[in-house]
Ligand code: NAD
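Coming up is one lone chain in structure tokens, specifically the form predicted alone.
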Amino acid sequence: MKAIERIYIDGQWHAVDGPRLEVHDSATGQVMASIPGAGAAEVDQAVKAARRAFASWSRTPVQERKAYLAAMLEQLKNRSGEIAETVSREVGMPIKLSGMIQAGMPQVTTGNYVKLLDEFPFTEEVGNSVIQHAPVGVVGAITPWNYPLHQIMLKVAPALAAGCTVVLKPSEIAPLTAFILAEICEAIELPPGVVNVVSGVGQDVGEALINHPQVNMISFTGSTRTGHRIAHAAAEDFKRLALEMGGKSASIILSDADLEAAVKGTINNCYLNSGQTCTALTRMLVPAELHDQACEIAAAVAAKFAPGNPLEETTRLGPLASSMQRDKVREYIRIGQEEGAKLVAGGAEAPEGLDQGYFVKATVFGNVDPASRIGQEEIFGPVLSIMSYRDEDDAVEIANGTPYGLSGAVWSDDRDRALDVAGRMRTGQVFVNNGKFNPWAPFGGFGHSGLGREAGKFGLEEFLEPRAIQL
């Protein structure tokens, strides 16, 4: 078991006189590490360090900030194997995917901001005004467990690029890569206080961070319920907010689509990271006359997602990240059956031979009522709901019929038809015919899915305040 004894504040490692928090291996349920549980005193210390550092970091030349990010990128590359295995054990993503995504995406994000710093107009002229894009200040970053380091770097990299300083509160469920980042900051000799890592539970560290008067901005990724609480707290002090929250994304399969390819593509997306993905396509919308055929195809595809050890190269579906999440997902499967949906594949029982760990079967429901709980609520597990629709207008209405609006998909043999339907979906991104994820494009949602955008220049702008100087 790995024991992390200290948190990282002001460029130094500090002991914490608080509880120890256990980190569990998702495949076995056994304790794999322990971390310090900090509180309000440590948050105050970290925020004050970030405030002191901001005075000089905000005035550091862009090329120097770029050099630090480039050094950080090299360290991320050097430790990619360790990062991938760590997240696979914490979260359950199969190691083959973890190497590409959990270790790879933080590198892509950091590299993008290294490139962007060469071209972003921090100063520009508009008429008789010089417009300066100034860093917002001290950023409190609160990150989730499903893509732990990726979500951290989506905040830390643009914040540092903008000239902000950061106090990071990682999820206590998957915190270990945050400490790897702290070690990287130390290794590249990032100035003290620019990045601070304070581990602990939300009611202690998170609450202290969002209520601290010297924090200028909160950037949060997590549940809509927690985001709602953060928004209310931040409003008391008029803090800048960036919120990336839940989703219940619809995959609309139009009548002229390649049904088999569309069903397979939707399920591959839905089951990525065992369904622990906010953009997961968890609602499949098909023409009523194709519903039963879609269910047959989905059952065959789901059967190929046999749960297994995430550290084995052949595993396609790993466990969930915690016993709480496993139990929540299994309860939703039982709710779906009670609501009258047809269980096409999977079920609430533990997968055969996998009584230990946090495993859930790849599950598919057919005949799902769009207004039902499994049709409306974010489950965050490998559970797909298939719904039928009458025509395109009905499909769009169903797709837009939840409080969320984070992602979506449209499948059609007619590109213009697909683009027309995509343009009617109230969501932050839409994939057309399995279009590839673009790390330069804005990432964020409508409605209860959040405020603001991450990634690319859009993510950098979140950490900047425009200032007009009239000449």
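Everything numeric here is computed off the predicted structure, so don't read it as measured data. Each residue number is its position in the shown sequence, starting from 1.
Separately, the form predicted in complex with ligand NAD exists; it is not shown, and the next lines address it.
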Task: Candidate site Pro170, Arg229 and Leu406: all three near ligand NAD in the model of the complex by heavy atom within 4.5 Å - done: yes
Open item on the list: Considering non-hydrogen atoms and a 4.5 Å limit, does ligand NAD approach Gly202 in the model of the complex?
Closed with: yes
Open item on the list: Quick check on Phe380: any heavy atom within 4.5 Å of ligand NAD in the model of the complex?
Closed with: yes
Open item on the list: Whether Asn400 contacts ligand NAD in the model of the complex should be assessed with a 4.5 Å heavy atom distance threshold; does it?
Closed with: no
Open item on the list: My question is simply whether Phe443 lines the interface with ligand NAD in the model of the complex - judged by any non-hydrogen atom within 4.5 Å.
Closed with: yes
Open item on the list: Only one of Gly357, Gly246, Gly193, Gly336 gets a heavy atom within 4.5 Å of ligand NAD in the model of the complex. Which one?
Closed with: Gly246
Task: ligand NAD: the contacting residue among Pro175, Gly265, Gly137, Gly206 in the model of the complex [heavy atom, 4.5 Å] - done: Gly206
Open item on the list: Please identify, from 143-151, 341-349, 292-300, 98-106, the stretch that has a heavy atom within 4.5 Å of ligand NAD in the model of the complex.
Closed with: 143-151
Open item on the list: For a quick check, can you give me the residues of 289-324 that have a heavy atom within 4.5 Å of ligand NAD in the model of the complex?
Closed with: none
